[in-house]
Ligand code: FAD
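Coming up is one lone chain in structure tokens, specifically the form predicted alone.
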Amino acid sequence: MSDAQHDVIVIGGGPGGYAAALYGASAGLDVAVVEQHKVGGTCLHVGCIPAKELLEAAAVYRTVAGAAEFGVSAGEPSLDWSAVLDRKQQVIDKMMAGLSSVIKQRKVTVYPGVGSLGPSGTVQVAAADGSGLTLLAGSIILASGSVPRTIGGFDVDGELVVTSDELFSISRLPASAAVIGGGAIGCEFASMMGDLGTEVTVLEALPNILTGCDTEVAKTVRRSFRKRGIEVHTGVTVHGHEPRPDRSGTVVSFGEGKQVDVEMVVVAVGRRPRTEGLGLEAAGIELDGRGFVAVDDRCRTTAPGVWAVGDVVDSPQLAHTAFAEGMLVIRDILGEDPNPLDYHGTPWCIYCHPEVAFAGHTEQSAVDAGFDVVTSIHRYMANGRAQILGETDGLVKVVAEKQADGTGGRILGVHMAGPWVTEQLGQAYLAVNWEATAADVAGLIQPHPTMSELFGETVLSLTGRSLHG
């Protein structure tokens, strides 16, 4: 017996879950979502949206601080952190209201509570008040998301040691901070805090920050960090920390006998899948060696009638990847025989200053894959719009398959660091995924003066001829 029946039940209301729900409902399916907290998930509440809001506050602060360069007298900027947090929450609340409205319009049923798999296509819902429901559906989608990873010796207390979940709500910005992790999340936090006046030290265990990015791009970000006083230590292990007696700060030990005294430690070492309490084992759903739900190329789990999407599976932990997976699953449920997703061409955007954006192969990964490659790099320092903005740090690098005459053929990857490159990636993303050649792109007209024309110039030079550079 069940309390309610639907065509599809989604466990988790984050990007993957609500994308599946909205897309499925638009196709005529009766969809339910079981959500423990609020729809929107990590991305909306403690991830993408609040992070970018705080980074935008940092950008405004930088702009005001540099206003005199443009002949504008603005004085020395000051920061009202409570106002920053208020605006962040206003943005979240507005987006939450919009999402809730669309869910209601699509007649998606939302069940508050913790969802877990039961026998024979059922989902058990445990509400906060202790009550429970049993739901039945022919198709179930796991979209339970992820939680921040933690490391030994750094117990999260929300004051001296925080993760992204706590950082977005801290009562004051610390005067100094150690950011453990130099990946995308760590670099965004370091950039934001550094620009707002915090003395930041980044501690990364790997040889470089932004592992996975092209080396030229990572070097550009690290050089910018150095110029702005953000200290970066790579190839170091953290050993623990010793709080001050009054808990006004703590001393972090790292590397070979090194220490840094800071007011706060930000643990930014990635996120792990949230699989606890889902009833996976009893349902016959396997995990892979890293703890992710094992799925095939259409996000099907090892249990019939159950799919998994988003951070709970081992694919790029990005909201837009989860959107795509959610829609893919609905098409599979509908019997439309969808093509599997090609994760290789995933667009990546990192919102530190300078921003980073890329799609496709790095130069090294293309070589490792057996391609004979040719590359071209153009820098924003020669770009008119970047000079007007006063944002000339950065570059565009294009990796292409080398042709017999030495020119570039198919575009294999595009890598950018610089002003607003997250908004410039569109044409590069399409070029990579549509397997365009350098000649294809070089024949197109680029708008001037724009920062995006630098991509066109970079590709043009791969044809053996060039314009400005």
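Note that residue numbering follows the sequence shown and begins at 1. Because the structure is a prediction, the values reported are computed rather than measured.
Although not depicted, the form predicted in complex with flavin-adenine dinucleotide is the subject of the following passage.
**Student:** Identify whether flavin-adenine dinucleotide in the model of the complex is within 4.5 Å of every residue in the set Ala32, Lys104 and Val329, based on non-hydrogen atoms.
**Tutor:** Checking in the model of the complex: none of Ala32, Lys104 and Val329 is within 4.5 Å of flavin-adenine dinucleotide.
**Student:** Give a yes or no for Arg62: in the model of the complex, does one of its heavy atoms lie within 4.5 Å of a heavy atom belonging to flavin-adenine dinucleotide?
**Tutor:** Although flavin-adenine dinucleotide is absent here, Arg62 would stay clear of it in the model of the complex, with no heavy atoms inside 4.5 Å.
**Student:** In the model of the complex, is there a heavy atom of flavin-adenine dinucleotide that lies within 4.5 Å of any heavy atom of Gly408, even though the partner is absent here?
**Tutor:** Judged by the heavy-atom cut-off of 4.5 Å, Gly408 is well away from flavin-adenine dinucleotide in the model of the complex.
**Student:** How about Trp307 - does it come within 4.5 Å of flavin-adenine dinucleotide in the model of the complex, if we only consider non-hydrogen atoms?
**Tutor:** Judged by the heavy-atom cut-off of 4.5 Å, Trp307 is well away from flavin-adenine dinucleotide in the model of the complex.
**Student:** Taking the shortest heavy atom distance, is Tyr351 within 4.5 Å of flavin-adenine dinucleotide in the model of the complex?
**Tutor:** The answer is yes: Tyr351 has a heavy atom within 4.5 Å of flavin-adenine dinucleotide.
**Student:** Can you say which of 360 to 368, 76 to 84, 314 to 322, 281 to 289 gets within 4.5 Å of flavin-adenine dinucleotide in the model of the complex, counting heavy atoms only?
**Tutor:** Stretch 314 to 322 is the one.
**Student:** Let me know the one among Ala436, Ala58, Cys48, Ala442 whose heavy atoms come within 4.5 Å of flavin-adenine dinucleotide in the model of the complex, would you?
**Tutor:** When flavin-adenine dinucleotide is considered in the model of the complex, the option within 4.5 Å is Cys48.
**Student:** Which residues in 8 to 34 have a heavy atom within 4.5 Å of flavin-adenine dinucleotide in the model of the complex?
**Tutor:** Heavy-atom contacts to flavin-adenine dinucleotide in the model of the complex: Ile11, Gly12, Gly13, Gly14, Pro15, Gly16, Gly17, Val34.
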